[in-house]
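The form predicted on its own is given below as one chain in structure tokens.
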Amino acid sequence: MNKKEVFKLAKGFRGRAKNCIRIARERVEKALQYSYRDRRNKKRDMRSLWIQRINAGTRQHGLNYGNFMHGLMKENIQLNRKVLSEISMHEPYSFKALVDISHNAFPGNKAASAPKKEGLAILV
């Protein structure tokens, strides 16, 4: 990179990092490394946020995230996590319908029946 490009990218930096070419070049190079890394981290963070939102929505209806997603997969409902998180926030009735579909699709999601009382527990 020539001097002009480096100073253009170093605009807004503090101290000598904006007007001393050697320091500006180092700071710009490091800033570009950070931006490259964080473009990937941003995708990771957004996916994590979507999963947290879906999990919060499903737990309100008595189901956890893993069983919800497994039930959707069994029913061949192909909505991605971004769309599911938006539905859970802005369309609660639609999300409830999805939770019900998922709940009925997977035998592990069936509500547990009350345990039978045996022995002395019957008398109490």
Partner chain sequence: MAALSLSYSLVPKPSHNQTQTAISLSRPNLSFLSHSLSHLSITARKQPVVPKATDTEAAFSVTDAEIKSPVLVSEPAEPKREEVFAVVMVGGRQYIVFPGRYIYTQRLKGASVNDKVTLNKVLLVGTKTSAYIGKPIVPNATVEAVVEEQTLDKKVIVFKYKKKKNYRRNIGHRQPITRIRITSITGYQDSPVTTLD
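Residue numbers count along the first chain shown, from 1. Keep in mind it's a predicted model, so treat the numbers as computed, not measured.
There is also a form predicted in complex with its partner chain; it is not shown, and the following applies to it.
Asks: In the predicted complex, which of the listed residues (63, 69, 87, 51) lies with a heavy atom within 4.5 Å of its partner chain?
Replies: Here the answer is residue option 87.
Asks: Although the partner isn't part of this model, could you tell me whether residue 73 comes within 4.5 Å of its partner chain in the predicted complex, counting any heavy atom of the residue?
Replies: Taking the distances in the predicted complex, the answer for residue 73 is no, it never comes within 4.5 Å of its partner chain.
Asks: Using a 4.5 angstroms cut-off on non-hydrogen atoms, would residue 80 count as touching its partner chain in the predicted complex?
Replies: Residue 80 belongs to the contact set for its partner chain.
Asks: When the contact criterion is heavy atoms within 4.5 Å, does residue 24 count as touching its partner chain in the predicted complex?
Replies: No, no contact at 4.5 Å.
Asks: So in the predicted complex, does residue 97 come within 4.5 Å of its partner chain, heavy atom to heavy atom?
Replies: Yes, residue 97 is a contact residue.
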